[in-house]
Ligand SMILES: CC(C)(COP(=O)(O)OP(=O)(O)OC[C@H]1O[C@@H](n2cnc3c(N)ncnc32)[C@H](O)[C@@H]1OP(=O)(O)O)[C@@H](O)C(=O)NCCC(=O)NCCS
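In the form predicted alone, a lone chain appears below as structure tokens.
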């Protein structure tokens, strides 16, 4: 397994993060845009997260060459029904060239530790059933439970990138 380091994202990481999205083919629209144009909103989001660390955390996994090979974003939200906090993981992406090196597991474990340290009641994420991470049982192997009775809904204000 490669030597990995997990750290908070920096604005300089935005190009590498945009490249990872391109590598995985997340969005045809995004893949046809100049890389800088994809990276700029990521840079703004990194700034937002770093300015509000109690509300949001953006984390990267870097390899032994200090190259970003994966990233995740988690949002820390009060959840009245639970009488506590919940962490919502909105992104977990790993470069296909780094697949199997433990970056995804390291990122998720880091968030799990952060959630425990923050006193969260639970963590939550959504995972597309057609995605390799779902097909391989990635989250189940890490102790996560698929919720059988909950539907996930979204409301779009504008067309998303993907």
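Here the structure is a predicted model, which means the values were calculated and not measured. Residue numbers count along the first chain shown, from 1.
If you look for the form predicted together with the named molecule, you will not find it shown, but the lines that follow are about it.
From the list 41-49, 27-35, 103-111, 116-124, the contact stretch for the named molecule in the predicted complex under a 4.5 Å heavy atom rule is 103-111. A residue is said to contact a partner when one of its heavy atoms sits within 4.5 Å of a partner heavy atom; residue 147 fails this definition for the named molecule in the predicted complex, lying far away. Among residues of the shown chain, residue 132 is one whose heavy atoms approach the named molecule to within 4.5 Å in the predicted complex. The named molecule in the predicted complex is approached by residue 136, whose closest heavy atom lies within 4.5 angstroms of it. At least one heavy atom of residue 94 is located within 4.5 Å of the named molecule in the predicted complex.
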